[in-house]
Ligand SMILES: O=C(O)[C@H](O)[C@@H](O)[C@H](O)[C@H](O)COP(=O)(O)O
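Okay, so here's just one chain, in structure tokens, the form predicted on its own.
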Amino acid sequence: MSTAPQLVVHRDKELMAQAAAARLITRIVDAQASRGSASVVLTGGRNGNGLLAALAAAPARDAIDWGRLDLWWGDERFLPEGDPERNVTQAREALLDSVPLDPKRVHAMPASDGPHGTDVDAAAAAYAEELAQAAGPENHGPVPAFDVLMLGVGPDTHVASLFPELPAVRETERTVVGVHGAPKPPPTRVTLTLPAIRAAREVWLLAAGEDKAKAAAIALSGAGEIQAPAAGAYGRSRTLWLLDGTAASQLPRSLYPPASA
């Protein structure tokens, strides 16, 4: 069941990153207080990395019990371990190397020089198996019920590595797939599918910058998920769009929240 998207519009991308980081800290602390641990899916790109950098700089980050946090990824560029273009490499630089995480709970997607070699489909299947093993009976499915799953929104409305009209966005059974021939380099990627994304309690979509304005307007105006994958990304209890003013500039006023900061 989809949840109607809620919008929060911030003045600029810096404020958006800081506010999103504060919101994420609160969400993780609440989840740890109620269930003992928390599970978050990270996103790459400039907005995802901006949020992680803001989180690294936030004094309140110490409220998180970093040893009781599971981190997953929504997608990854299928490149060698340590490649600067990999989302996990960028996340380590922005935040992960500066906080006391449990290495066993940092679930990076396989690299192209890992145990599966250059077989991206085998790498995707292995990540799906890792997710399935982490899912408990209370999750009612093959992936954990992530507390927060974050997604950057591309100018073409792609989320994770689910691009408009490509096979991955049409996947209804598997939770993780390999992507061949992505229109954005590198062409080979690993991605969660829409069924896996929708298992999350909360899905947060991040969009900042003028180049995201048209994508946000399309995705929030009733477009189909095959043509606009961001339209198909929603959480079980909450779907939150976090935007800056320029990314929200083409939205109809009727979509604006009553109070935006």
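Nothing here was measured: the structure is a model prediction, and the numbers come from that model. Numbering starts at 1 and follows the sequence shown.
This protein has a second form, the form predicted in complex with the ligand, left out of what is shown; the following refers to that one.
**Q.** Contacting member of P144, G152, G178, P110, with respect to the ligand in the model of the complex [4.5 Å, heavy atom]
**A.** None of the other options qualify; the answer is G152.
Q: Select, from the options 168-176, 155-163, 131-139, 100-108, the stretch whose residues sit within 4.5 angstroms of the ligand in the model of the complex by heavy atom distance.
A: Correct option: 155-163.
**Q.** Proximity of T193 to the ligand in the model of the complex, heavy atoms at 4.5 Å
**A.** Contact check for T193: no, nothing within 4.5 Å of the ligand in the model of the complex.
Q. If you check in the model of the complex, is S39 within 4.5 Å of the ligand, heavy atoms only?
A. Contact check for S39: no, nothing within 4.5 Å of the ligand in the model of the complex.
**Q.** Distance check, G232 to the ligand in the model of the complex, heavy atom within 4.5 Å
**A.** Although the ligand is absent here, G232 would stay clear of it in the model of the complex, with no heavy atoms inside 4.5 Å.
Q: Indicate whether N87 is a 4.5 Å heavy atom neighbour of the ligand in the model of the complex.
A: Heavy-atom contact with the ligand at 4.5 Å: present for N87.
Q | Sequence-ordered residues of 189-227 touching the ligand in the model of the complex, heavy atom within 4.5 Å | A | If the 4.5 Å heavy-atom criterion is applied to the ligand in the model of the complex, 189-227 yields R189, K212.
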